[in-house]
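Okay, here we've got a single chain as structure tokens, the form predicted alone, with questions on binding and movement later.
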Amino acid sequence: MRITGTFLDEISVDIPHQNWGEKEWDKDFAAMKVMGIDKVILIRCGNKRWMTYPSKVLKEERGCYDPPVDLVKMFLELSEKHGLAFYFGVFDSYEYIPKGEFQKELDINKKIIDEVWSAYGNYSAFKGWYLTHEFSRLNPKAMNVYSTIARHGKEVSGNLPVLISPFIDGRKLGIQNAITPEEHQKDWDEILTELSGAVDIMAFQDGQVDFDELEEFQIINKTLADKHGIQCWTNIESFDRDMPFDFPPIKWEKLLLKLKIAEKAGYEDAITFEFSHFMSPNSCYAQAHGLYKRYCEYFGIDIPEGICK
């Protein structure tokens, strides 16, 4: 099991922005390619009033600020240059769903999907959609919104695949009543019944439960994915939740353990949140440089001169 995909954390929510331009991103895409990454996933096209491309929809409906660079265009061009697939992450208002205004979240995302496909659908690297809304437990009204957004993306794009990356309500989140494996299985059997036919790929985040619990949850996820005809990937968190501060690059030993657990559970692929901060030789975190080297060293990957600092 190797990592073959990464999120692109634009717009950042809880980790520092690296303030890269096209030159720096080009270098990072090259480092991804060396490591074996063949797909990148824009984690969200917009958040609150920030956006990654000059969206008329978001300006008119949310009063979003004009971005200085069209990051969607830049990431698509870099994806084509380096031979990577690009998945577009939709919009999360961080407002409508918490307020129970599900229809508003649905309506704005349908408009964004139409706008984005019209503007960027001609790029050969545009290979799929990412449903940026992260969820863990069953909420029938929310599930209907998510499945409708996903189906709309598939409809306008000729059935391009849709990816989700949910989380587990585990004890590492600090919640009082962490979900049990039995509760998780029951909820997700119902959720995947609703999402079947709308979502093609499920990549659960792997950092919210303890290492000794992870295998049991991974097996449940794979069993349910197989039952509902959905591909089962793992989203390996390359940051460390065990530290007293948020968030440093993970220890290599922990990353390797999680890769082995996913392989044992029969997962089909692995993506990570996320390469550029926590695994890249270009990261603002010096520890990420070492993680990149240890990963390549373990898998026998030769690092060309100039990739690492």
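In this text the structure is predicted, and so the values were computed from the model without any measurement. Throughout, we count residues from 1 along the sequence that is shown.
As for the form predicted together with a further copy of the same chain, it is not shown, yet the points below apply to it.
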item	value
Partner contact for E253 in the predicted complex: a further copy of the same chain, 4.5 angstroms, heavy atom	yes
Contact flag, C296 vs a further copy of the same chain in the predicted complex, heavy atom cut 4.5 Å	no
Interface membership of L257, a further copy of the same chain in the predicted complex, 4.5 Å heavy atom rule	yes
a further copy of the same chain contact in the predicted complex: P248, any heavy atom under 4.5 Å	yes
Those residues of 59-87 which, in the predicted complex, come within 4.5 Å of a further copy of the same chain by heavy atom	Y65, D66, P67, P68
